[in-house]
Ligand code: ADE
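Only one chain is included here, represented as structure tokens and corresponding to the form predicted alone.
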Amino acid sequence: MRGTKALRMPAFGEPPFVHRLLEWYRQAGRDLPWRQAPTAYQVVVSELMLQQTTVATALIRYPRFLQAFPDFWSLAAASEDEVVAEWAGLGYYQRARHLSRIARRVVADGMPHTESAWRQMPGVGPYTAAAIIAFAEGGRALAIDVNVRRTLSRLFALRDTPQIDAAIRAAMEPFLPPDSGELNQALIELGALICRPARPHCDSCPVAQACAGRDQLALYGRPPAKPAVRDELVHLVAVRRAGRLLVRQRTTRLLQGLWGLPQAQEHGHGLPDRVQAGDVTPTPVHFTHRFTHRRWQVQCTVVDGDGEGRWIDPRAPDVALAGPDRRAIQMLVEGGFFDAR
């Protein structure tokens, strides 16, 4: 059961493929927390979180985020640093900043109620705006994400062009009900579970009989080419003093606002500003950290000294650390580099 909307009976004259799709969804759709009679706030949080986060991870972090910030007002009252700290570990931290700014605009100006108004909000594109209207407002909208684009391209045999989304909307126009939330969820679910990019389960598809592209799936819904992954060598400097560790808040676009170890390439001779150079301790800390379009080869050096920044307990950091830095610090702690000297 996915909330009260799952009890809706098919409307008279409902197109057969829509009817079969909805019946399948009511039986096979996953019971995800953001599908339970969602508010606009819950849709915004879940959709921004799912932009670059797997469903498995979101199932853990979504309830936790709502516990920390249950509505737009509590989110607006928090600082961006607090929101980013709660987002730590999910990556693409600009999403957290967008959420913070959306909340402040809602509190200041009121809740938008149209797709065009939602698209004026930071980080809200056509898909998210349509999802809010369909899922939270009970309105008529088609939310086209990568799953829906692939599924409907195949269903209607639409070739990939720069106007593909417009072509999909035109094809779906006769089938979209006034309250389109459940149909949108069913389309998303069909793409996630059945109409997969590779090896789709056509034999289990509830709308296979209506699929115009079934015999030539390779022609439709092809995923865009992925950009090449760029390798980068990153040398971190762990400055320690009396069992404490120096961290700084990042200002670069990647990992902006998060805290981490100084990077050697940003400072002369591989040391942070005003470090009183002691013995440089070689460490076994070297690992690979993968982002979507880049791959960091991380090395770390330990230095006893001083520097500008914030001093933390490496065993219990009280700041939102970037993923690579959190891993490096954990490896240093486990390696005994902060034991009593």
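Remember, it's a predicted structure, so these values are computed and weren't measured experimentally. Start at 1 with the first residue shown and count on from there.
What comes next is about the form predicted in complex with the named molecule, which does not appear here.
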Next on the checklist: Just checking whether H293 would be counted as a contact of the named molecule in the model of the complex - the rule being heavy atoms within 4.5 angstroms.
Outcome noted: no
Proximity of R30 to the named molecule in the model of the complex, heavy atoms at 4.5 Å
yes
Check: Just to confirm, A37 within 4.5 Å of the named molecule in the model of the complex by heavy atoms?
Finding: no
Self-check item: 4.5 angstroms heavy atom contact with the named molecule in the model of the complex for I188
Solution: yes
Among 307 to 315, 47 to 55, 60 to 68, 293 to 301, the stretch whose residues bring a heavy atom within 4.5 Å of the named molecule in the model of the complex is 47 to 55
Looking in the model of the complex, the residues of 128 to 166 with a heavy atom no more than 4.5 Å from the named molecule, listed in order, are F135, D145
